[in-house]
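Consider the single chain below, provided in structure tokens and representing the form predicted alone.
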């Protein structure tokens, strides 16, 4: 670092030195614009440029209303198996938390009735919940549950357990269907996940069957910068799944 460097470059070098030395580990919060302004006696515009360029270069990630953090490699979730997101997060040594946005009993509209493969559904349960890793939203779960399959679903405390964990314990799973789409977030998704309008998302649409009937229909939305979906299978020599 030299005095000839532009001020924003000096701030970038300071942050990068802390990241590369390990002083600021992945997930660590970095100083805010205000803190940088005070520490380096620079303008807010200069501090903003330094942080913005480091985000574009992939070193930092900003969570609106929370702060700016050293960027971690995206966490991964299985594309094929049913996994409890709380277990995945805790296995990485991180803290799991959740926020329930909505929880209610509803009557299926025609589109939902088709998803559940039933012409008339008297009762469906609905939950909208944000799953967080170290306080940062990583998944928005929008789930409908067949009340005939899991009649006690709404009685559960989904701060202490997750919908997936409860359903796996309450009812057997016979079959899974997964569809993944890339999408830009809606306004509500931006607000709940703390992301901007141009942040790409992965939307995993899942249907599961129990004892021959559709038990649950869920859309799991992940900010693509924070989560990745993966699968690994044995195949035969032609590249198709082994039996």
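Positions refer to the first chain, counted from 1. Definition used throughout: the rigid core is the maximal C-alpha set that superposes within 1.5 Å between two forms. This is a predicted model, so every value here is computed, not measured.
There is another form of this protein, the form predicted in complex with the DNA, and it is not shown here; the text below is about that form.
Contact with the DNA in the predicted complex, defined as a heavy atom within 4.5 Å, is made by none of 106, 109 and 112. Proximity to the DNA in the predicted complex, defined as a heavy atom within 4.5 Å, holds among 39, 48, 186, 179 only for 48.
Contact with the DNA in the predicted complex, defined as any heavy atom within 4.5 Å, is confined among 214 to 222, 186 to 194, 30 to 38, 201 to 209 to 30 to 38. Residue contact check for residue 70: none of its heavy atoms lie within 4.5 Å of the DNA in the predicted complex. Among residues of the shown chain, residue 64 is one whose heavy atoms approach the DNA to within 4.5 Å in the predicted complex. Annotation for 190 to 212: no interface residues with the DNA in the predicted complex [heavy atom within 4.5 Å]. Taking 2 Å as the criterion, residue 183 does not count as shifted between the shown form and the other one: its C-alpha moves by less than this amount when the rigid core is aligned.
In the predicted complex, the Cα positions of residue 135 and residue 33 lie at least 3 Å farther from each other than in the form displayed. In the predicted complex, the Cα-Cα separation between residue 88 and residue 56 shrinks by 3 Å or more relative to the displayed conformation.
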